[in-house]
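A single chain comes next, written as structure tokens; it is the form predicted on its own.
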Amino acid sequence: MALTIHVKQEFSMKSVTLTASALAIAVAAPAFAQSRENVQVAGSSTVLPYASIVAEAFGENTDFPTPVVESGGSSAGLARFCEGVGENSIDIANASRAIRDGEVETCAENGVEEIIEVRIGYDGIVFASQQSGPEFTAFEPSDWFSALAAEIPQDGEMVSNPNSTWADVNGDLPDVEISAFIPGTKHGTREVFEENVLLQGCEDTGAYDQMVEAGMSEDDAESACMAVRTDGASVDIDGDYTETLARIESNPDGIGVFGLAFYENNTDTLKVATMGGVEPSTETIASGEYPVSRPLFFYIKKAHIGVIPGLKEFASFFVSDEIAGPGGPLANYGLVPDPELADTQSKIENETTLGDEQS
């Protein structure tokens, strides 16, 4: 027998239908109660709406309290996650990138020695602007490098970026001032943007090769490729995508970097550009055709399983077929389901940690 629930959160309202098998995941009672009853989650603003949908469904359909889900960015969430073990630290960190080796080391130094990595699916990074704004309809990575690079090679030397309009970058683009709103450095989206767009564009223009030929090391050339200008043409957004949207709404010529799901839930105000000739969609991301996509994760503190009521049950509920699979509420919101979801489910069931995977 299926149960229909309505999930309300700040991003949208979704109708979620769960079968008894999904609900059965979370009926077990915790081994013992602690003074903190709620699962606590923080991190990526990209993963935030998905986690919020699941948390509310979990609270409504199980005997466990609704988990507390906060944003803050992938890096900030992982930093909180790695602060230590105990009820005063969070149980789960959401991330739009994989945890770094340095973060794993910091976790271990603070007693967080067993971490379970959970991949929930995939998302794309899109480039969107006002519906009534300039015709930003097609980009290449080289356009974004040429527009946002702090310095570019010229006659064997590195010079400050001279481009002030998009038409300076590419004659096919609108002749309006460059005004880009990109994720701040604490967001996992920023890392994907730097590597898949700026670095790729740097290589495509030949700038990377010119830097190396001029005497830069490969590492220094990569860093130069991903360094963003600070003269106002590019603005870092430290908040979530709603802040980026607000900046676009107040700047008709602005263009912002968003997650696919956020864009798809705001098509009444935003239009999206292709990248590399491919329009972003769940289909082009699932096929790998769209060039700017990434997996999304959350990380579980294994030491809290069995101590914080509902932690393992919430994680299993999150990646159940009915929630994270095709046709589920997360896919309806914009998540591209992971074809290896069954492996992820087994990983949670068996409490397989990062160290177990690598051994």
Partner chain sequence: MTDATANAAPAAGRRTSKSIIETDANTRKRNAAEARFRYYGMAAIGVGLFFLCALTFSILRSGLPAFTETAVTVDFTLSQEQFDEAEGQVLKTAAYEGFFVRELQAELNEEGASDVEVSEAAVGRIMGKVGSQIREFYRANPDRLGEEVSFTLPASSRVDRYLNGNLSREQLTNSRFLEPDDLDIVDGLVESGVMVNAFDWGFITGTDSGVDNPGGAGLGASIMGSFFMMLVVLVLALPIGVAASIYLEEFAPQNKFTDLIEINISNLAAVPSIVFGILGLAVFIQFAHLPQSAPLVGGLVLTLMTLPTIIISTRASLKSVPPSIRAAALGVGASKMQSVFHHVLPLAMPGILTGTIIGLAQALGETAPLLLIGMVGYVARQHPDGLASGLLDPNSAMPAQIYTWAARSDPAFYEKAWGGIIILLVFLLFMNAIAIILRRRFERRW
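Predicted model, so just to flag it, every value in this text is computed and none were measured. Residue numbers count along the first chain shown, from 1. In this text, the rigid core denotes the largest set of C-alpha atoms whose superposition between the two forms falls within 1.5 Å.
From this point on, the text means the form predicted together with the partner chain, which you will not see here.
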Please determine whether each residue of A57, R80 and G334 possesses a non-hydrogen atom within 4.5 angstroms of the partner chain in the predicted complex.
yes
Can P329 be called a contact residue for the partner chain in the predicted complex at 4.5 Å between heavy atoms?
yes
Please tell me whether any heavy atom belonging to N38 falls inside 4.5 Å of a heavy atom of the partner chain, as the geometry stands in the predicted complex.
yes
Classify F262 as contacting or not contacting the partner chain in the predicted complex by the rule of any non-hydrogen atom within 4.5 angstroms, answering yes or no.
yes
Contact of P67 with the partner chain in the predicted complex (heavy atom, 4.5 Å)
yes
Per-stretch contact check against the partner chain in the predicted complex, the hit in 224-232, 105-113, 239-247, 118-126 (non-hydrogen atom, 4.5 angstroms):
239-247
Heavy atom within 4.5 Å of the partner chain in the predicted complex: which of L296, I53, I300, I308 fits that? Just give me the one.
I53
For the stretch 309-324, return the residues whose heavy atoms include at least one within 4.5 Å of the partner chain in the predicted complex, in the order they occur.
F317, S320, E322, I323
C-alpha of A55 moved at least 2 Å between this form and the one not shown on rigid core
yes
C-alpha of V85 moved at least 2 Å between this form and the one not shown on rigid core
yes
